[in-house]
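Below you will find one chain, with nothing else, as structure tokens; this is the form predicted alone, and questions on how it binds or moves follow later.
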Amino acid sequence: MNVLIIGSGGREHAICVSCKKSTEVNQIFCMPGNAGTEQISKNVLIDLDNFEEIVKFVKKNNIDLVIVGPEKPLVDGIVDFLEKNKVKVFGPNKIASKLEGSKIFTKKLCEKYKIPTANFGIFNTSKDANNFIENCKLPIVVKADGLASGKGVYICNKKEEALTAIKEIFKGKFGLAKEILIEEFLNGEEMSFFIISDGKTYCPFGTAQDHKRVLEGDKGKNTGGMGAYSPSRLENENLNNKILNKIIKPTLKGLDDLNTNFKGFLYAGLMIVENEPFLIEYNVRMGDPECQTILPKLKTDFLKLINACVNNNLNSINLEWHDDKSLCIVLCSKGYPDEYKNNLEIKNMENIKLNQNEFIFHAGTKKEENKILSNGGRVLNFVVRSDSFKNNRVKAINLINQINWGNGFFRGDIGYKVID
């Protein structure tokens, strides 16, 4: 099977590695990929907004299956375009992708189908939003409606912070903003809950805990994710059933009522309050870096699983997992999530000896003249699997120290709630 993976991050490198292990795989292409994917696949430089060129490449190279990693092409309708051109593709269509593409779409779905979520208000002018803030109980959460790479959410402890957030969003910090979402702050613990679906049936696909804030102790600005561990410490059978029955099933019913379905990975970002789940947001793909922690735990042939979903045959697959723990630490460029430098060489990569169940997934990297250079804010992902979260963290930090990249930084406390 010839496979094309769309994307360039740590998630896509992890998907690439999982595909490479499959007995079904022939050749893998990554578009655009990174220095890590280049080691095991052929990187392809085509503009991801140019769907017609992507289809031409797929036909020319006899691609049997396309796996879409990031959210933007999904929200822009790449699945619909590929399917119209008779290309097999794994990912949700444009309507289903609105679950991530519009937070307001999802909130209205929650309201209609009684899905537990934070109380909220939707405003289309700064004036109305500002007036609402005057009478709000703090803290409050202000959100941009569309895609914002994990950064369009403001948790505001002071009224002035909320007013600034409203101003920035309406001024277009995250793209054109016609509406803004303001919701109550839920005091609990976050949890990432995943399912995989073929459009007819679905099954759970693991849990994780992401660390969004840039500084240790969950302080500082929001990022795309500084690290994660899997499974979540909150996971239990009772809670899983609540999530499936109160959140996942009503959401899929809502899509069904819109005459569509969900095919792909659905990621529910939850707040757990006294063992009760509340939906914070949906992502319509694997999380990053949660994907990097979950996929190494999968025993089942990944490509067989994805192919079964594309063929509406998920029931034919028996999902099997390694019964251990996984932890990921992200090495970032200094300055992230604000300004940082690219094109800085990362030495010592070839000297790293990875033991069994140790992984390095590239994210913001590229290869030029046999040198690995930084090419993004989140640069490398260090993942370790074992029976101990604590051991995983120690080993991951040891790998980072071996590389000794002077232009990078990382959080040394990933998993602190389950370790320290």
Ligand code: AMP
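The first residue of the shown sequence is 1; numbering continues from there. Small disclaimer: the values here were computed from a predicted structure and weren't measured.
The discussion below concerns the form predicted in complex with adenosine monophosphate (AMP), not included here.
Can residue 280 be called a contact residue for adenosine monophosphate (AMP) in the model of the complex at 4.5 Å between heavy atoms? Although adenosine monophosphate (AMP) is absent here, residue 280 would touch it in the model of the complex, with heavy atoms inside 4.5 Å.
Residue 260, heavy atom within 4.5 angstroms of adenosine monophosphate (AMP) in the model of the complex: Residue 260: no contact with adenosine monophosphate (AMP) in the model of the complex.
Might residue 271 be said to contact adenosine monophosphate (AMP) in the model of the complex, defining contact as any heavy atom within 4.5 Å? Close contact exists here: in the model of the complex, residue 271 approaches adenosine monophosphate (AMP) to within 4.5 Å, heavy atoms only.
Using 4.5 Å between non-hydrogen atoms, is residue 214 touching adenosine monophosphate (AMP) in the model of the complex? Residue 214 lies outside the contact set for adenosine monophosphate (AMP).
Sole residue of 276, 76, 179, 183 within 4.5 Å of adenosine monophosphate (AMP) in the model of the complex, by heavy atom: Only one option qualifies, and that one is 183.
With adenosine monophosphate (AMP) left out of view, which of 317, 141, 344, 136 would have a heavy atom within 4.5 Å of it in the model of the complex? Looking at the other structure, the residue within range turns out to be 141.
At 4.5 Å between heavy atoms, only one of the stretches 184 to 192, 122 to 130, 295 to 303, 332 to 340 reaches adenosine monophosphate (AMP) in the model of the complex; which one is it? This holds for exactly one stretch, 184 to 192.
Check for me: heavy atom within 4.5 Å of adenosine monophosphate (AMP) in the model of the complex, for each of 103, 153 and 222, yes or no. So, yes: the whole triplet contacts adenosine monophosphate (AMP).
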